[in-house]
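The chain below stands alone, shown as structure tokens; this is the form predicted on its own.
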Amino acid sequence: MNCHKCDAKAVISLQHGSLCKSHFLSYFEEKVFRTINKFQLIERKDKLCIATSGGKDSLTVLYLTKKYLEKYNCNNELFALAVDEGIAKYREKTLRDLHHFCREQNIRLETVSFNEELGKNLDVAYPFINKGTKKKPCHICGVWRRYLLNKQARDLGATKVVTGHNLDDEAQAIVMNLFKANTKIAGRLGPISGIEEQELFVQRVKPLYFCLEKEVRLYTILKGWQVQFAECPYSHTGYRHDIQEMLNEFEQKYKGTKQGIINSFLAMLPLLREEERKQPEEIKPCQECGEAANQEVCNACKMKAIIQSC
């Protein structure tokens, strides 16, 4: 299999043809940069917080955001923010890779942990919270991660949180919300999260929105980075895992399925957001912590209260 552009040995086969290492790296980086420009994900006034874990997606988006700023002569302040959930034999490995990467790239790294901010790490908190609520570890982790990312990013003065969500992640989220009839939540997805800017929320942007997971994985391999490819040990317990397996099976049988989901969703997104604007969700400060909530006490504080009572 040879590259359709230069006849060198190909490293990947895509819908539009096969690419060698050099042409794939160029193709991938330009796709990310086009996404940033098309959706205006980064403005010159932005202070950028890159949500990082040390995995392939977060290292890629951290590296390419920095490269984008250099390419377009932007003077934006940029820093990485990692959340340590306290998942034994997993997170410490990815954080070690992240510290190594940030030293090599001369990027400031900030860290925050479940244990320090919420009283318990995920491994300890999950059994207590699950006992009374039946919430799975991925749900608990998702609530607390989003909570701490937003809180810390805002406290550190960031105007945008850049995340490493790829095309696979977004296709899964779209299908999950469709299956659960969460149309209001669906309207907040897309390359830029949310309907409009909120004082209590730091807006999130996704430069890897059109990048397949296999493309991100290959990019990190070709760059030679020190990175873990193992999945979180809790990931198989979540609803998303089943959706992921289903979409991977469809993609294998019908190439382009995931891209089709994204294209269809983006065509519908203006309508979803227009409906949301007609009946916007009321966001107010949580009575316990002052962070954003759609009820008197936010979900993060409710779960924190459970472990404090044990």
Partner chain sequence: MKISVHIERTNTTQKIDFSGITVRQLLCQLDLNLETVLVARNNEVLTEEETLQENDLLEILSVISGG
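Just so it is clear, the structure is predicted and the values come from calculations on it, not from any experiment. Numbering follows the first chain given and starts at 1.
The next section is about a form of this same protein that is not shown, the form predicted together with its partner chain.
(request) Answer with yes or no whether E249 is in contact with its partner chain in the predicted bound form, where contact means some heavy atom within 4.5 Å. (result) So E249 counts as contacting its partner chain.
(message) Under a 4.5 Å heavy atom criterion, is A181 part of the interface with its partner chain in the predicted bound form?
(response) No, A181 is distant from the partner.
(message) Considering non-hydrogen atoms and a 4.5 Å limit, does its partner chain approach E213 in the predicted bound form?
(response) E213: yes, in contact with its partner chain in the predicted bound form.
(message) Is C289 near its partner chain? Define near as a heavy atom within 4.5 Å, in the predicted bound form.
(response) C289: no, not in contact with its partner chain in the predicted bound form.
(message) Based on heavy atom distances of 4.5 Å or less, which listed stretch (150-158, 226-234, 120-128, 102-110) is in contact with its partner chain in the predicted bound form?
(response) Flagged stretch: 226-234.
(request) Could you tell me which one of R146, H139, R217, R188 places a heavy atom within 4.5 Å of its partner chain in the predicted bound form? (result) Comparing distances to its partner chain in the predicted bound form, the residue within 4.5 Å is R217.
(message) Only one of R277, K255, K45, R34 gets a heavy atom within 4.5 Å of its partner chain in the predicted bound form. Which one?
(response) The option sitting close enough to the partner is K255.
(request) Sequence order please: the residues of 1-25 with a heavy atom within 4.5 Å of its partner chain in the predicted bound form. (result) In sequence order, M1, K9, A10, V11, I12, S13 come within 4.5 Å of the partner.
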